[in-house]
Every structure is written in structure tokens, then in C-alpha cells.
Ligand SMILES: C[S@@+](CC[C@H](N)C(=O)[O-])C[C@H]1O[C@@H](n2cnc3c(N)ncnc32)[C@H](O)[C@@H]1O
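The chain below stands alone, shown as C-alpha cells; this is the form predicted alone.
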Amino acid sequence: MDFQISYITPEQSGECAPSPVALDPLCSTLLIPLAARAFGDARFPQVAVHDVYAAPALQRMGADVSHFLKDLPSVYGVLSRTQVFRQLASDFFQRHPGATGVNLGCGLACYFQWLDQGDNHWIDADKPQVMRLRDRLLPADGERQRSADIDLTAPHWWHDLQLPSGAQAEPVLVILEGVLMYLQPGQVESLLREFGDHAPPGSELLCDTFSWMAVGCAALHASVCHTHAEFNWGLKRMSDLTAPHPRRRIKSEHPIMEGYDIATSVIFTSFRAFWGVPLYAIMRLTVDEESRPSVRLN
């Protein structure tokens, strides 16, 4: 089932009908963070992100996002995770000023507006239908910024994006925001294996993850239920992110929802303590130069 939106071209005005754009269920989830970044700052100023592109993009789309904005926990979650991704990515580029960052499954997110530090490079990559929408709605790429079509379920995406590899290459930053939970388990492992196989030492992968309990439960999510996408993968143990690859390491774990309210903080903290994995969090992975067995966590 496709999610129909309307895109208003610069030539259209007044009585002219907008041009329809069809997004498949997975791609249509991009509207959830777009709506939150466009309108969520006023509701949650403590995690405001000040996205200068989100509201204009939505204005040119004929999508009704009111149902997403009623889901206040998700609005907060998007803004909170954006803050975490931004901080971790900024720290990475402070350590590696000329490095390349890539947002895989970028949707209509524009992280380079916050992460351009003058010397670094950036790639936004997603399915062709999403990248065509980006071309219509967002500013053109800059001198150190480019876009690319990519299929994350296919092998060799690292090579296809022409990312640096090898022991002496500059480290690479990879962001996977709202992506892994929609992939099949084998696809997740293949994607992570690609990172482990080719990323230069010091590279980092930032991703948000659900617990295994979310699998098959997207219809219960107040925002995702409107897209008809499904959650197919979640963490059963922390070692799911590292084993069996010898180079992948979990560097740090970052909560997202704990600041929403006291009840949410108790639920998420208790879940992590009891089950050994976060209900929802951002994980920061790195790759080592040495090839040694991964330490099993939980």
C-alpha cells in the first residue's frame, strides 16, 4: 500500500492541482520525523532542533501530518534523538575535521545544516523515490555535500557510495536513523557486516534501535500505524550489534525517551535493567584495527 502525498511545484499556484507523489510504507515513515522537526520545537523547547528546512518542505507537500503531531511521545523522541545524533556527529568531526559522514536512509533529514564544520564532507543516501523527493523539496547539494541513490538491502553499498576504506583511510561517520527496525534480521546483519568489513579504523556508526518486543507491533505505534510499515528487527541482546564480526564494538549507548516525563523514565530505565537491552536508544558503534573476537554482552 502506497502513501499518497501531494507535491506543489514552484510553477503551481492558486487553482492548480498539486502533483501526487507515492511513497511505499517504509519510505512514508520519513513524514514522522519531518513533522516533528517542523512543528515540535514549540511543544518541547528543551530538545528544540531549529530545523530550517523541515517546515518549508512540509509546506510544499500536500501531506496531512496532524495525526503525527498528536503523538507527543514520538515528537519528543524525534527531537531528542536528533539532538543526540547531532552531538555525537559533531564530536566525531571535531576529532576528524576532514572526514566524510553519510546518512543512510536519510529521508528528508538535513543534518549537514548542523554539522558543516568547513572541511568535512557529507552524503545523503536513500531509495530513488525518496531522493527524487529530496531533489524537489530541499536545497541543491553543495561543494562538500552530495546525494546518492542506495539500496541498503543490497550488498556493496560501501563501494557504491565510494566511501573511504583501508587501514590508512580517513574514518567515516555513518548515521542510520529510523532504519534498522524496518529491515529483516538478515538485512540488518548484512548492513552491519558491510560497515565492519570496509570502514577504516576509528569510523563510527550511529543508529537507533528498538527492543525485540517491538517486532510485529508497528500497528500499535501511534505514528507508524498510519504508514502501514512494520517493525521487523529489534535487539534481543547487546551482542546482536557486534557478533560475530571481529571489528565491531559498542562504544556507547544513549537514552532518548527518559527525559519525556517521570513515568517514561521509570519504564525505560526499568526495562533496560530487567531485559539487558534498551527499549529504545541510540547506539554508537566503532570498528577496531585489530581483528579479535567480539566480547559477548548480555
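Everything numeric in this text was worked out from a predicted model, so none of it was measured. Sequential numbering from 1, following the sequence displayed.
The discussion below concerns the form predicted in complex with the ligand, not included here.
*Asks:* Are all three residues R81, V179 and Y182 in contact with the ligand in the predicted complex, where contact means a non-hydrogen atom within 4.5 Å?
*Replies:* Yes, because R81, V179 and Y182 each have a heavy atom that approaches the ligand to within 4.5 Å in the predicted complex.
*Asks:* Taking 4.5 Å between heavy atoms as the contact cutoff, choose which of D197, D119, D91, D151 touches the ligand in the predicted complex.
*Replies:* Going through each option in turn, the one that passes is D151.
*Asks:* Exactly one of L26, I267, A48, V65 has a non-hydrogen atom within 4.5 Å of the ligand in the predicted complex; which residue is it?
*Replies:* By the 4.5 Å criterion, the partner-contacting residue is L26.
*Asks:* Counting any heavy atom within 4.5 Å as contact, can you tell me which stretch out of 151-159, 67-75, 91-99, 213-221 lines the ligand in the predicted complex?
*Replies:* Correct option: 151-159.
*Asks:* Taking the shortest heavy atom distance, is V130 within 4.5 Å of the ligand in the predicted complex?
*Replies:* So V130 counts as contacting the ligand.
*Asks:* At the 4.5 Å heavy atom threshold, is A109 in contact with the ligand in the predicted complex?
*Replies:* Taking the distances in the predicted complex, the answer for A109 is yes, it comes within 4.5 Å of the ligand.
*Asks:* Hey, in the predicted complex, is M61 touching the ligand, heavy atoms inside 4.5 Å?
*Replies:* Because no heavy atom of M61 falls inside 4.5 Å of the ligand in the predicted complex, the answer is no.
*Asks:* Is there a heavy atom of D126 lying 4.5 Å or less from a heavy atom of the ligand in the predicted complex?
*Replies:* Contact with the ligand, yes.
*Asks:* If you look in the predicted complex, which residues in 29-45 sit within 4.5 Å of the ligand (heavy atoms)?
*Replies:* The stretch touches the partner through T29, L30, P33, R37.
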